[in-house]
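Before any questions on binding or motion, here is one chain by itself as structure tokens, the form predicted alone.
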Amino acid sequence: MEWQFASAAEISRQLSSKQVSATEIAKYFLSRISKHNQAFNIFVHVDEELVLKQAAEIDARRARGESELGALAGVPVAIKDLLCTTDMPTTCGSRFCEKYISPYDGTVIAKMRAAGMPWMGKTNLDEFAMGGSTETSIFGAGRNPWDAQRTTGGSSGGSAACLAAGLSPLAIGTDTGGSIRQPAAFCGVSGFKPTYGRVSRYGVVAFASSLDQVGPMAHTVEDLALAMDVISGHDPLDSTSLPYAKPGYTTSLSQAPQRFRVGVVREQIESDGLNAEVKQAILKTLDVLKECGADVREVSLPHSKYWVPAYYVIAPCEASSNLSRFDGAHFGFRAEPLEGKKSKSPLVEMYSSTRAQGFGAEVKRRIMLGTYALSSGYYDAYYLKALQVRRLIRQDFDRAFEDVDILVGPTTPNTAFKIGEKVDDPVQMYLEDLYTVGANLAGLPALSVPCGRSQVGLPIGVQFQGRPLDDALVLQIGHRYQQAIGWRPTPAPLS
């Protein structure tokens, strides 16, 4: 049987009924990785022996009739190379961590391990998750399976592309300003950023700690719910983890309200920067939602024009702090001293040389921006002001959700752009986050699902955003939408 675009739920049912073994599934996807990975630069590390060992263990447990096996036992998953694992390198797409192997598993990894999910490998990403196209990776740019000349999006580009190429039925990404949703839209798959604190960040190499969130990527919303049942929940190892009982995401999918209020953000749908084909796809989505019981009304988020400026102050400031540990003194890359050169301060020379050689251009740009904004005399003018704007942004969302249950709009202003098209223009690259960074600044749950394709066949994504802790409702309405359109994953041409 062909499994490359089967949903995780379908594979789970076949495994549970013993119509197929976990080992057979693992071998199938390993074969596809061997065949297609080089062309699209998706996986940066694959350990076939480890994958098959994990799958065999699940087959043995199932043969013994163990009743505690979870729904995703034996279902493969791909992991963004930003999550710490003991049995695979965690490179962060950077020269600094090129050979780093973590001494511990992150919480999400530990939960998937306990659930019996074999990992197919680590996926490509922008360096330290800083980028929107997977072009800043030390391993080179990832390529979109829908058009190899175009970007996968970023920073979780490899996780999105592995789904689009049929190399894994599930993937894990991280989302700091849209890094799950934007590549999901570009690659024609589904991606979910949970409410901040719903999923533990312990064992995730930090970019911007108040914005980072781990989330699942898959072919369907049902698969996202299955994954959320595994990876979410309170974690005492993460001080920002929310101490609330998690809902049953999968069991609640069928409980979407018969009538619900959908808000369309005026500033987004009327934006001059919104591609006409993307806008048309969103309007068609709204028509489908009306048929599903939605009362569609217009809302305003007046401070949305400040989303990108506020984000690109706050995120670099936090990155400047988080990445200060990468100095060559404790672990990771260290620059060799220059032969014959004597320095008055060898330690400072080592720091500066190591960071100059170890970090890529985009990471250095963000560190310098953040360091400047946090420096004496500029803190109040930049970082503090951005935090005040962040509060206004959250208040905009709170007011909007007094009148609606969910917000629906474009995930990205455009479809996937060509590799190299924006790499020399950081501002244009940052504007690709135009519709996604708001959810991170406000800590909201946000979902992107495919809603059409452009005239040249590139995927288009629609975004659903909900109130904090309304993760289940966001998934319910996304699932109802996919049921209404009869969604089935469409194979990418892999050309």
Partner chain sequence: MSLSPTDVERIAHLARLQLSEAELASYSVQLQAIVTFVDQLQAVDTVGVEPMVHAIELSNVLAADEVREGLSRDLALSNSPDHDDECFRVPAVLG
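Positions refer to the first chain, counted from 1. What you see is a predicted model; the values in this text were computed from it and never measured.
Just so you know, the form predicted together with its partner chain exists too; it's not on screen, but the next bit is about it.
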Contact test, all of Thr23, Tyr28 and His45, partner its partner chain in the model of the complex, heavy atom 4.5 Å = no
Of these, Arg95, Arg394, Lys279, Arg143, which has a heavy atom no more than 4.5 Å from its partner chain in the model of the complex?
-> Arg394
In this chain shown alone, the residue from Phe139, Tyr306, Phe417, Phe260 with a heavy atom within 4.5 Å of its partner chain in the model of the complex is Tyr306
Within 4.5 Å of its partner chain in the model of the complex by heavy atoms, the stretch out of 454-462, 424-432, 57-65, 28-36 is 424-432
Determine whether any heavy atom of Val348 comes within 4.5 Å of a heavy atom of its partner chain in the model of the complex, and answer yes or no.
-> yes
With the partner left out of view, is Tyr312 within 4.5 angstroms of its partner chain in the model of the complex by any non-hydrogen atom?
-> yes
Gly203 near its partner chain in the model of the complex, any heavy atom under 4.5 Å?
-> no
Its partner chain contact at Ala361 in the model of the complex, heavy atom, 4.5 Å | yes
For 369-401: residues with a non-hydrogen atom within 4.5 angstroms of its partner chain in the model of the complex?
-> Leu369, Thr371, Tyr372, Ser375, Tyr378, Ala381, Tyr382, Leu384, Lys385, Ala386, Leu387, Gln388, Val389, Arg390, Arg391, Leu392, Arg394
